[in-house]
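Only one chain is shown below, in structure tokens, and it's the form predicted alone.
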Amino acid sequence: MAVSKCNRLNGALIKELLDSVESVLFDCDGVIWRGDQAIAGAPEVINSLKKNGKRVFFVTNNSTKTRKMYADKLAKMGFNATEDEVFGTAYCSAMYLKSVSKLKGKVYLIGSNAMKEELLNVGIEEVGTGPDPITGVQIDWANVPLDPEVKAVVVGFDEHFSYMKLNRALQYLSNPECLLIGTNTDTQLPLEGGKAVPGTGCLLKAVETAAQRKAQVVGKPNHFMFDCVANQYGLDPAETLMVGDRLDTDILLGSNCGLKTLLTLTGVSTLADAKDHQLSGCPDRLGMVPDYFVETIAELLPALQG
């Protein structure tokens, strides 16, 4: 395989790359779909990879959906995918608390109903989902009732995030033995037409700042996201390809874990972004330079069907 980075993937190089891997990890939004529309050719790529004996997994920092919800969405779009192949941060956070933290207690959850469901699936109870309206005055806030069984604060995407939720997290985290877990640090969620809304990273930073604590983050580019897949399926990093549209999450995850990396230009990051990192000479930024890039993953199809 080529030693240099940021190579245009085409021709015989596509087959060479695919022949060198047995497993492929795909980010979702911006890679295989945009919103509720599959990217042209993406279902055929995924299904052909499987027909060619490759193992395919879906890894996403989105914490608002369960594995089943993702599997249902994939099926509706024509992807041959199962629930067990989906690794979102809602599921991975639950697995981290169960397998790594070995949590004995409840979670104060700043997050979605999907996160609540994934926690319950591994036997962890939560408190906190839904709105938490503010009442009283400051001394009341500082003495807000707390559940003594809560042993961790978990922060994911929460459309009901509020001052009172931030305050309640602070009160729990004033106990140094209470864990702080974050799903991911993405600061913006890109939308169609160049628009964006604040991402989970903004909420997590607020909690970290209030509590003067640093969270353990489970999502991309953290190593645990890959470990979660690798430990269940015995993946060999040297024979695994990470395909994504974000340099700071997808490609950096691949670099952190020793995977081959492929950037698709159908989402957030641009080729100019990758080149800027490559020319920077900064070790931290070099980790965000992909091995290869394509305009769209549909470019893999001829090599898979030929």
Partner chain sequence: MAGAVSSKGCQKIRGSQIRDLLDAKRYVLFDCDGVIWNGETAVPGAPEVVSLLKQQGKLVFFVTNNCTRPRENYVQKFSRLGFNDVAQEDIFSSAYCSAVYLRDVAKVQGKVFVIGGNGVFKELRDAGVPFVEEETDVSDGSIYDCPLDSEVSAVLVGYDEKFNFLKLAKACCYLRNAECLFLATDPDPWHPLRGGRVTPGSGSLTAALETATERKATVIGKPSRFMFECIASQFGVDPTQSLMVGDRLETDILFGANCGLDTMLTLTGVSRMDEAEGYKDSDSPEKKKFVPDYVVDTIADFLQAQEED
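Residue numbers count along the first chain shown, from 1. Keep in mind the model is a prediction, meaning the values are calculated, not measured.
The discussion below concerns the form predicted together with its partner chain, not included here.
- Stretch 209-217 is the contacting one of 123-131, 224-232, 99-107, 209-217, since its residues have non-hydrogen atoms within 4.5 Å of its partner chain in the predicted bound form.
- The candidate spot formed by L265, D276 and A303 is out of contact with its partner chain in the predicted bound form: none of the three has a heavy atom within 4.5 Å.
- Interface residue among N113, S162, N175, N80 relative to its partner chain in the predicted bound form, by the heavy atom within 4.5 Å criterion: S162.
- Distance criterion of 4.5 Å from any heavy atom to its partner chain in the predicted bound form singles out L203 from the list L203, L74, A94, V153.
- Its partner chain is not shown here, but in the predicted bound form it comes within 4.5 Å of a heavy atom of D158.
- For W141, a non-hydrogen atom is located within 4.5 Å of its partner chain in the predicted bound form, even though that partner is not displayed.
- In the predicted bound form, none of the heavy atoms of L180 sits within 4.5 Å of a heavy atom of its partner chain.
- At the 4.5 Å threshold, heavy atoms of L166 reach its partner chain in the predicted bound form.
- Annotation for 93-127: no interface residues with its partner chain in the predicted bound form [heavy atom within 4.5 Å].
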